[in-house]
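Only one chain is given next, in structure tokens, and it is the form predicted alone.
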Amino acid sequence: MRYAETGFDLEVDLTRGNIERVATDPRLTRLHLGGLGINARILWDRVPPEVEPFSPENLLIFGAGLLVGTPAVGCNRTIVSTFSPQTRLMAYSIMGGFWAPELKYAGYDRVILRGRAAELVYLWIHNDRVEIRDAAHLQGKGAVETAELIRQELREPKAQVAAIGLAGENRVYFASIEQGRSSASRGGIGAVMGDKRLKAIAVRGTRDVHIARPDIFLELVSEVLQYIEVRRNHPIPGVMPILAGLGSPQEMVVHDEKWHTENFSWGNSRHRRKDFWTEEIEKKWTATLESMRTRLISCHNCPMKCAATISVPGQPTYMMKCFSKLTYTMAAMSDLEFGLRIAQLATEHGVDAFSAPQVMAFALELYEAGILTDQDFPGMPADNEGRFYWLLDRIVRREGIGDVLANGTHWAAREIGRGAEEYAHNNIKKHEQLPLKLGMLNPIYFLMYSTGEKINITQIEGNFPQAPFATREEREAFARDWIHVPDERFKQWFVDWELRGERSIPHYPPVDATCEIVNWQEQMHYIDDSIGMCAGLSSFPLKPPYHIHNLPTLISAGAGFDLDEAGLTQIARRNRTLVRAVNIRRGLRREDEKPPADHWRKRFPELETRLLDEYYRYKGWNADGIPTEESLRELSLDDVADDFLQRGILTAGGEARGEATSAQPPAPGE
């Protein structure tokens, strides 16, 4: 018997209309756990680097994490993986909600989609019954509307539906996949789903997921629940509200937005508004949130109410996604009511709530600069909010200037020319980031921004505080019960970290410590993304209930194979290196590893070079960021090493060949 996982994948060829239930190799589970790890393994094995994102040969994989569907609190994540039309690299986006547990209960660990349907279709999974069904009647429908229509059509109100909206159908590079109270948004995964002419996947399951050692497993889950309750009643003092408690994060619980609105950048990630948060604004925004937030909600098997249903007068109720509470507001230089209104429409269209607002603000900045003119915006309203609604509609339909903007700021700037590239300043590897601009370079964040394969800072940062506390006494108090660190040295690094002086940024933490801190935070995300754990209970918050010391026991008791901290650390390192290898084979090199161009006003080129050099060495990579033959073979990735040697990416001596084959892919349409 297989424990924690079902032992079966669902393989769907949309071109041929073929559906297969395929038994999986349990050895892969021991090597990669599940979720992101096995998704990456499948992409490496089955999608050559020459395959374009919009090709029938590209795969779209919906993977449930290893412990999804078990009683493990917070294990509910779907990891959706493919190759991104925006970055041309591996995209993996993670959604919560109820979809992945339902897939497990239907008897599958993954849905692997290849090919392209002749017409728009949706997939219906009900235990052993799997059908590709006509979706012509759903064309042009919103993602949330589509889900409800499918449930009605199937007469299955409990079916979980992941769907795309107009943006996905029209292959907008930042199209999302919407599902209940969550979405897979980053990297244009919804565009790949639209390219395959797949409108939705509906799933209903009624089977069990077995665990190997239920007594140990349930005891640990009980301890986690007790810890969550303690943290709920005792938030960490001295840190911003969304980090004081647990959650992913609990943005919809928080009324005080002083930190975000005064530290994040408004418009096209340009303007800080340091005195924005007044008593008048606080009262107005609090009233708006209280009147429109109908209730706080959770994902499957989780007591944390991180999200909320929003009911805007005159519009359908929807589920607010993480941080999109503010992204539209800040891009439009507007207020919270506007943000909540346009987010409902954007959710129906299915667009990434980080990228879409910035793309629209980017377009208006080009208009103000005279790079785009009235001829590019025929019929655009004169008022600010009206412009954003108008642009959103043109983008998701790929009409007029919207067809250019639908490719994201990097590709749009290249196509527009005339100096537009200067305005696409908030990208990492061609992908829009959170609108955050700061003063002094932060070494930890420099490495996380530059080298993260997720290309999304909220899925890299985590368990180490973002900045030192004001006094040594506060830092010492924080460190006393900091049981989560992998080694006591992390406590000392934090205690010695100061706001000013020799032990302050950018020269502290020291380079070697910075690499270890980044590695720890990254490692926790890779574990979570393989077992399907919500980052809000493990890798994202300070002092979470799950950590490197109790996760090995949880995984062992759930899956039935013995695993200690060293073994789990090795699996996380293997998965991290494999994702890196997938991207290296598609052309990623050191020259691509940069934070947004103007993220920090004060930069330190020599220090940044040292940080990358040491981080690469620490990871077992060469000076160009390529995993060495020795490190690949140590991680049982011998086939990856052999492939790199055969392609000349590595030489027999372990050095890089030098040039990348596809570091700068052609612009859309070239």
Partner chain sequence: MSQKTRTIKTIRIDVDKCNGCRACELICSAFHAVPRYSSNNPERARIRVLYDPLRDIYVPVYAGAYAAAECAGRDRYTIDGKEYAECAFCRASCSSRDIFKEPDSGLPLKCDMCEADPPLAEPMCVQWCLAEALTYEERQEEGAAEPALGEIEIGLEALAARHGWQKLVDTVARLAQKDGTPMDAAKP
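Numbering follows the first chain given and starts at 1. Predicted model, so just to flag it, every value in this text is computed and none were measured.
Heads up, the form predicted in complex with its partner chain isn't pictured, but that's what we're talking about next.
- Stretch 62 to 70 is the answer when you ask which of 34 to 42, 62 to 70, 601 to 609, 630 to 638 has residues with heavy atoms within 4.5 Å of its partner chain in the predicted bound form.
- Proximity to its partner chain in the predicted bound form holds for none of 264, 459 and 465, with the criterion being a heavy atom within 4.5 Å.
- Site annotation in the predicted bound form: the residue of 278, 139, 294, 471 reaching within 4.5 Å of its partner chain with a heavy atom is 294.
- With the partner removed from view, the residue among 398, 305, 594, 341 that has a non-hydrogen atom within 4.5 Å of its partner chain in the predicted bound form turns out to be 305.
- Interface membership of residue 587, defined by any non-hydrogen atom within 4.5 Å of its partner chain in the predicted bound form, is ruled out.
- Contact check for residue 98: a non-hydrogen atom falls within 4.5 Å of its partner chain in the predicted bound form.
- Among residues of the shown chain, residue 214 is one whose heavy atoms approach its partner chain to within 4.5 Å in the predicted bound form.
- The closest heavy atom approach of residue 171 to its partner chain in the predicted bound form falls outside 4.5 Å.
- Applying a 4.5 Å heavy atom cutoff to its partner chain in the predicted bound form picks out 309, 317, 318, 319 from 306 to 322, in order along the sequence.
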